[in-house]
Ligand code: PGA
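Next comes just one chain, in structure tokens: the form predicted on its own.
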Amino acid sequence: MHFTLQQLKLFEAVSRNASYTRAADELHLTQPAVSIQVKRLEEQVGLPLFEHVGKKIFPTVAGKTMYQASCDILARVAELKNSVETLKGEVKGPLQLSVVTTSKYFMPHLLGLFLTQYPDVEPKLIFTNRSKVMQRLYNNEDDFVVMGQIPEDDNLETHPFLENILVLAAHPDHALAKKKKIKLEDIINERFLVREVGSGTRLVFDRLLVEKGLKLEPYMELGSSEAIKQGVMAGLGLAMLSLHSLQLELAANKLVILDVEGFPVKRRWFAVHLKGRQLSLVARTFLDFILAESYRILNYDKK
């Protein structure tokens, strides 16, 4: 068989995404270009690698075997490239990261400054929800991921690098905006905007309520911290949000932080990867950079 690494890369992406279109989008190619290369790979193998059931595609037995082999080959090629770059001592090449959406308020700043020092690094930064970050973590698809709530799993290597300060935010004209030492149980009947079940912020808030023996009926459940922030600014309700996401709004007096007992809640951001994963020189250098420099660069009020 005379297949190419590019064909294996395209086939792996189609298999993982169960879609030619999503694979093409991921690799910045056209869908016909991906289809042609996968078809040529099938011709080399001499067996169909996918079967169509309705509008969905599924790997055949040969496809499953080829997928495992593709993953092994591509991983070994990546390891070889990393080893060569390490021997050269050059911080250059790809950097693949997946991060939860709330970290979009600080990760681009960290990455941007890192790139001023290492302009030959080729970053790919994926912002998505916690469940997808977890999926990518366990599939070993990234150099490492960034999240606020990590699972209890001895197979993970975790690196805390920044405080995640969670506050209760309100519209400046809210009746509670100027009150002091508000008890959480006194505001549980206020309208609250919350993230979807499973998000890191929602997990923290739900655990806090359980610890206090309180129950909250959300007024709205929204799919992003940005949507929740906009809702609070529109006067729709209160919300627990990361201080990282509120800097501009607080400075412009679009939001206020409520003085609620037990708040702010201080957690940590973590860089996470599977134990045993050999980080490339680029990934190790960026990890060391955020561990050492994140507080100085961001310089947020840590009250």
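Counting begins at 1, following the sequence as shown. All of these numbers come straight from a predicted model, not from anything done at the bench.
This protein has a second form, the form predicted in complex with ligand PGA, left out of what is shown; the following refers to that one.
The partner is absent here, but in the predicted bound form a heavy atom of Gln149, alone among Gln96, Gln149, Thr158, Asn82, sits within 4.5 Å of ligand PGA. Of the residues given (Leu193, Val100, Leu162, Ala169), Val100 alone sits with a heavy atom within 4.5 Å of ligand PGA in the predicted bound form. Picking from 106-114, 69-77, 194-202, 181-189 the stretch near ligand PGA in the predicted bound form, with a 4.5 Å limit on heavy atoms, gives 194-202.
Although ligand PGA is not shown here, in the predicted bound form the stretch 7-45 places no heavy atom of any residue within 4.5 Å of it.
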